[in-house]
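Shown here is one chain on its own, the form predicted alone, set out as structure tokens.
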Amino acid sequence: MIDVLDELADPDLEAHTSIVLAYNVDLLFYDKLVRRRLASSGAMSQLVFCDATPYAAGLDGVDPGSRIGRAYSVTPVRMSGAFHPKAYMLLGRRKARLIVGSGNSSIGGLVRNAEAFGRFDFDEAKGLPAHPAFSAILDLAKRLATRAVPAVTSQLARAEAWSPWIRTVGPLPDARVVHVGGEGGAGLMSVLRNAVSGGHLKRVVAVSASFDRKLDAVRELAQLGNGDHETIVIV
């Protein structure tokens, strides 16, 4: 089990930067709890990217006289669909942590709900290259920053300069893959089909809060590979 808030408050990481990607960011919750947990890990430079629609709605509940949102950058993202990743990354000069999952930066997503998360760690002292997931999230943030204020680009440039390990190339530390989809990118089902082409699957497990009404996605999962595997859906 992963307690995301505890994992983000690890002073041993000696982080300098945090990057949070989420559909919904509850500004009050972030400011009063998440921001402070990230700061406990050393992250004084904090970047947040979230979907523009819930962000605009959330601003209505913020007291204009408060200092909420002034200790970090917030970049609202506008897309034809929804900006829907959930990733929490801490970068240090020699260590890092990335948590990817289903929970938004809200009391529901990080405290109350049942959410699924995976954790990636990097420690230069172990002599292994960083998992490509770290650079994938950084590159996504850099693409989003092209539409943000210049200060966000500066934050990311500084974070990358202080984390030279993030571009190291070598054998994968493990077989996990983080896929960044979205406009112009390959769909997740296409990525899954390519990953298992020619291979024999024993079991496919899918966890989601919802599925399409016709269950087309479930049908496609059942047909991956040779189509003779067990398909388990948790909804």
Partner chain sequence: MPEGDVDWLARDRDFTEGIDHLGVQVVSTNIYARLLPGISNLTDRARYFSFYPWVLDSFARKSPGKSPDDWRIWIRRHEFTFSAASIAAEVADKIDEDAAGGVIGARAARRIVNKKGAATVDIHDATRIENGKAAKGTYFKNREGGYGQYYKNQMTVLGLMRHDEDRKAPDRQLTKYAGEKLSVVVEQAKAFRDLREIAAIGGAVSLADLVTLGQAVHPGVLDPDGGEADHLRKIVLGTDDDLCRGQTAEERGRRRRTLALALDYLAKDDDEWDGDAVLGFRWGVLEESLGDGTRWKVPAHLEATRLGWAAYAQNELLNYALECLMWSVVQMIDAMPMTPREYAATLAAAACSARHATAPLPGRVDAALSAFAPPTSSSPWGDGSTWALLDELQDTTEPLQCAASAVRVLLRVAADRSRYGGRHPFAAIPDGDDIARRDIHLQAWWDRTDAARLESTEAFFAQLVIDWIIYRHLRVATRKLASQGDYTYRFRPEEGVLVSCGEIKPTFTNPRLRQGMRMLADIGLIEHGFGSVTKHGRALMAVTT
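Residue numbers count along the first chain shown, from 1. Computed from a predicted model, the values in this text were never measured in an experiment.
Omitted from view is the form predicted together with the partner chain, to which the following refers.
Exercise: R78 in contact with the partner chain in the predicted complex, heavy atom 4.5 Å: Outside the cut-off, so no.
Might L33 be said to contact the partner chain in the predicted complex, defining contact as any heavy atom within 4.5 Å? Yes, contact at 4.5 Å.
Residue-level contact is defined here as any heavy atom of the residue lying within 4.5 Å of the partner chain in the predicted complex; does G108 satisfy this criterion? Yes, G108 is a contact residue.
Using 4.5 Å between non-hydrogen atoms, is D3 touching the partner chain in the predicted complex? Result yes; D3 sits at the interface with the partner chain in the predicted complex.
Options 189-197, 164-172, 44-52, 25-33; stretch whose heavy atom lies within 4.5 Å of the partner chain in the predicted complex: Selected range: 25-33.
Stretch 109-144 - residues with a heavy atom within 4.5 Å of the partner chain in the predicted complex: Stretch hits, in order: L110, V111, R112, N113, A114.
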